[in-house]
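Only one chain is given next, in structure tokens, and it is the form predicted on its own.
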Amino acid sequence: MSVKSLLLGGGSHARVLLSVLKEAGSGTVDGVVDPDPGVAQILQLPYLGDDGQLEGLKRAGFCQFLLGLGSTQSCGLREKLYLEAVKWGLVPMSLRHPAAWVSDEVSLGEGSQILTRAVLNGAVKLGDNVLVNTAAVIEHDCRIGDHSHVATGAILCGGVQVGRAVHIGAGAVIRQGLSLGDRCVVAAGAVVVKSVPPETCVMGVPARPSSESLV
């Protein structure tokens, strides 16, 4: 008997995940949960309602969820939806593209998503609900906190410590041995040469604090 699974969020990241599921041969989803019913037609999946229906979907026999939401800045909504689904007893699905390279020394948390051509080297540790996007590189001994997103093409040199719900933008580079505090944002293309305090947005080369909103 197959396990019933739902896709939580139906935007552009969700489309990528469905492609990865197919490439990896790692299962299917049986419907999508999203505020917009129109996503069901785009994704060619049954529409299951919005996230207010999660409790009822669990009672209806759904057991797993795949988080179909990325982030372009704050990871707060990814964190909120993930925790809401877990609260109702749904189990997060993890996903790894077959073209990703992951050392056998890497520790992966629940609900991790490792996309095409991502590289995770020795002794990397990912928390729960971490998204490592296309062609991102995480070097040896890095620690990535729960609900964080390492976006497309970002590079973390060795020993970087990343806090909870951190967004590291596309193409950003983080120098070895630094720390990124909880809920900070590293803008796309930034080169970070100093540790970043919690709830701070940095951008530029070299990266400096910005007044840009983290919402």
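On a predicted model such as this, the values are computed, not experimentally measured, just so you know. Residue numbers here begin at 1 and follow the sequence given.
Omitted from view is the form predicted in complex with GDP-perosamine, to which the following refers.
Contact annotation for residue 112: none of its heavy atoms lies within 4.5 Å of GDP-perosamine in the model of the complex. Taking the partner from the other structure, GDP-perosamine in the model of the complex has a heavy atom within 4.5 Å of a heavy atom of residue 34. GDP-perosamine is not shown here, but in the model of the complex it comes within 4.5 Å of a heavy atom of residue 133. Contact check for residue 90: no non-hydrogen atom falls within 4.5 Å of GDP-perosamine in the model of the complex.
Of the candidate stretches 21-29, 202-210, 189-197, 7-15, only 7-15 has residues whose heavy atoms lie within 4.5 Å of GDP-perosamine in the model of the complex. Checking 102, 95, 81, 108 against GDP-perosamine in the model of the complex, a heavy atom within 4.5 Å turns up for just one residue: 81.
Interface residue among 86, 77, 123, 119, judged by heavy atoms within 4.5 Å of GDP-perosamine in the model of the complex: 77. Scanning 56-88 for heavy atoms within 4.5 Å of GDP-perosamine in the model of the complex gives 68, 69, 70, 71, 72, 77, 81 in sequence order.
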